[in-house]
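A lone chain, given as structure tokens: the form predicted alone.
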Amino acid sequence: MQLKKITKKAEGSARRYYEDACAAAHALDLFGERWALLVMRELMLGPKRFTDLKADLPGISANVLTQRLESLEAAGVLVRRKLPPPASAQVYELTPWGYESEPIFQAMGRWAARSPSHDPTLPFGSVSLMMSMRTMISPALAGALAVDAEFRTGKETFRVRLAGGELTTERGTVEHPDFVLTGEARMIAAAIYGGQPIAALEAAGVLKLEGDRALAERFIRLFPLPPKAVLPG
């Protein structure tokens, strides 16, 4: 017996669907279009305005960003809301279900970091840095180390807290931080993932460290990258 089709897509729609009951295929129906996952990534640490999303996603056009926001909103992944006065600006924010997608980004990040063709010199944003740290933190290396630090990446400031081997990152300041790192996200990443000494980056004028230097030096060594995959041939 042939099952009746229970879903109906708009006729003439340019969007392609997999027409597959597999949940993984449906996930791609929801966010498989170009830029959709990166829009979700940028909202993972809280709401953003359209202009901020556009600025933080180099290469995306306003038209494509509008389309992705509309499709993700229709899918229930994000919502639009208006901030109260005096801001009165419209922002986009992930729904509770949308926030549940973070493990997807973490799994993809760990897997793709093993790619021999991954280019770490490409643009690297502040949200990417914070999410990568949450992904790559090694509880075994962290042990009982406790850290309450502030990371300043230009227009954004983040509170980075380590306790019990668990790392949390959120927008905001720290009243009495153990240390403060200031610099572009890619420069902080160079210290954390690239093995660049903080002192060398300071001497080059691309990074600034204030506070407990020994603790900061220990902290940046808690994020080991996985080994690169061995390709055939």
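The structure displayed is predicted, hence computed values, not measured ones. Quick note: we count residues from 1 along the sequence shown, nothing fancier.
Below, we turn to the form predicted in complex with another copy of the chain, even though it does not appear here.
Judged by heavy atoms within 4.5 Å of another copy of the chain in the predicted complex, the contact stretch among the candidates 164-172, 203-211, 22-30, 177-185 is 22-30.
With the partner omitted from this view, the residue of L69, L53, I192, M40 that lies near another copy of the chain in the predicted complex is M40 [heavy atom within 4.5 Å]. Another copy of the chain is not shown here, and in the predicted complex it never comes within 4.5 Å of any heavy atom of A146. Residue contact check for V77: one or more of its heavy atoms lie within 4.5 Å of another copy of the chain in the predicted complex. When contacts are judged by a 4.5 Å heavy atom cut-off, Q90 does not count as touching another copy of the chain in the predicted complex. Interface membership of K82, defined by any non-hydrogen atom within 4.5 Å of another copy of the chain in the predicted complex, is ruled out. Contacts between 164-187 and another copy of the chain, taken as any heavy atom within 4.5 Å in the predicted complex, involve no residue at all.
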